[in-house]
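One chain comes next, on its own, written out as structure tokens in the form predicted alone.
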């Protein structure tokens, strides 16, 4: 059991156990010793549901990364390929299988497609002459992976690109499948709300799947009251802005991958006296970040400016706890102190780590460039000078700052102005291409197609109406003890989360005009519940709403939804699901065209 998955109203360990059971069943089908050959992208997500110890229990003796040519030597009976259904991976698998056949004693080959089998991939294996070598060809429906007690992700890195640039609905189908799995485990979700074209398609798929599987309805009291499906392109602004929560900044600066972050090792080296800084570690410090760690659970969603005071209070509490040992006189008191020691030492280690991370982040956030960039972002979001060429962006291009940073700022300006004037847009495009190279023409085209960088249609800027109606910009933000979700960006309230907040109370009827301006349809569907399963809410009991972001969600948005869950009079607790955890840089990068 993973304790951090069961602290909320919805016990996500149930989902984790279900996917672990399915994995064990597959491994047991391949009797005898095993080697797993991993598609490298899958190792991170798999690590969240099954550690090596589970695989070892089922006779997995070796693990390799999927690479061309021959597999490393392994004295095992079964070789199992765990792969995403990608054609380029099939070519590598065929190469591996053919070189094994020539090597000697026959092995049993198996292939497990994650999350779906693909006829195209099987045809490719057939064309390469190896399809018959596989005894088991199966799929493993790992659609939604539990990251934390209130967070699920599909970790589908290309979902936004596929939906908006390639008109490929595969990830939407997987999202619908994942939601059907949740309903099988946690009961039918009585009400579905949605905004956006992809949201509409996912809801339609779910309703169709439910019709097709009418016979297999589980008699489970619904755990979720509502499902809110939100398209990422309904709110293109939020991921482009720099997140200002502790967890958001760790992701912006160092990148969090499958709950782990790699940090520069110097800050974490144990300080020995008279060392003179010799023998500093060179390997990055890898830390797991989730709510299993008490201190991290407390500070992850705070605005970074509020983190320092929490850390210093914690330091005082911990040192006072260690001082207690001098007052322990009797055997009983000493015994009690010793029993608390492991917890206290873990707390001290945790504090040391987060103090080091906070120092690393502070070095960035106190720099002049960070301040200048943040000032420009906040001017755009509050509606200042969005319609003309920005001198800071021009300076960044002239100094050849990272292209992703420049594109993020130009796209932010475009979104905050409902598109740029043609003259301004042409100027930026020309500057970018002349400075960074004409191979980025395709990237600019992709950003335009996705709606991030576009000419203003009809000369009208609808952003001020949206900003005022939804109260997206708040001037007086209390970062230390916030009263509104705008604290996560020090002034800007994430549009997506504001929509979730208004849906809960007073309902979307109050913002019909804005919903019409935002892209895509908005809708509501009711799913009938079998007799006897209607839930009677107890007085004071909160509703549980699952918010599913199609196309990615940022840690700042997650923090804002957690803030709403904790409000005394909020009335709603949120669980968050997404196709991918993103930040502005990874999101823009997923839309960039690789030069040939």
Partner chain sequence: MDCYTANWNPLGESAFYRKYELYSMDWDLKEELRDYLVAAAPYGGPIALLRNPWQKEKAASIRPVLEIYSASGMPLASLLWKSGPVVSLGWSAEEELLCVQEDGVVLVYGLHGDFRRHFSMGNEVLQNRVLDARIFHTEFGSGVAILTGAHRFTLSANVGDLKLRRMPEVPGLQSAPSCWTILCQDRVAQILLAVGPDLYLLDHAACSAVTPPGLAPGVSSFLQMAVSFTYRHLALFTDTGCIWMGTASLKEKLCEFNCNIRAPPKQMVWCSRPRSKERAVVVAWERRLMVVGDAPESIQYKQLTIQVLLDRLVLRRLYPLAIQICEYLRLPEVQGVSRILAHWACYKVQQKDVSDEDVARAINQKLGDTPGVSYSDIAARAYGCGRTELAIKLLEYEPRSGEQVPLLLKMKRSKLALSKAIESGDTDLVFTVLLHLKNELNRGDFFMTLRNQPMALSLYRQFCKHQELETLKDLYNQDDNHQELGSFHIRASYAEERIEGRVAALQTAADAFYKAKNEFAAKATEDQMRLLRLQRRLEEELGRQFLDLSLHDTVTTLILDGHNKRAEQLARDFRIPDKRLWWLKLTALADLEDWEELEKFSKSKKSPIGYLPFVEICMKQHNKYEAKKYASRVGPEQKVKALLLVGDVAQAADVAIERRNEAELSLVLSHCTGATDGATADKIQRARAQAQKK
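All values reported here derive from a predicted model rather than from experimental measurement. Residue numbers count along the first chain shown, from 1.
Keep in mind the form predicted together with the partner chain is missing from the figure; the text below concerns it.
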Contact stretch among 149-157, 434-442, 512-520, 234-242 - heavy atom within 4.5 Å of the partner chain in the predicted bound form:
434-442
Have a look at 405, 285, 429, 348 for me and say which one sits with a heavy atom within 4.5 Å of the partner chain in the predicted bound form.
429
In the predicted bound form, the residue from 336, 312, 257, 391 that sits within 4.5 Å of the partner chain by heavy atoms
391
All of 183, 359 and 533 within 4.5 Å of the partner chain in the predicted bound form, heavy atom check
no
Going by a heavy atom distance of 4.5 Å, is residue 320 a contact of the partner chain in the predicted bound form?
no
Taking heavy atoms only, is residue 316 within 4.5 angstroms of the partner chain in the predicted bound form?
no
Is residue 524 near the partner chain? Define near as a heavy atom within 4.5 Å, in the predicted bound form.
no
Is there a heavy atom of residue 417 no more than 4.5 Å from a heavy atom of the partner chain in the predicted bound form?
no
Contact set, 167-187 vs the partner chain in the predicted bound form - heavy atom within 4.5 angstroms
167, 168, 169, 170, 173
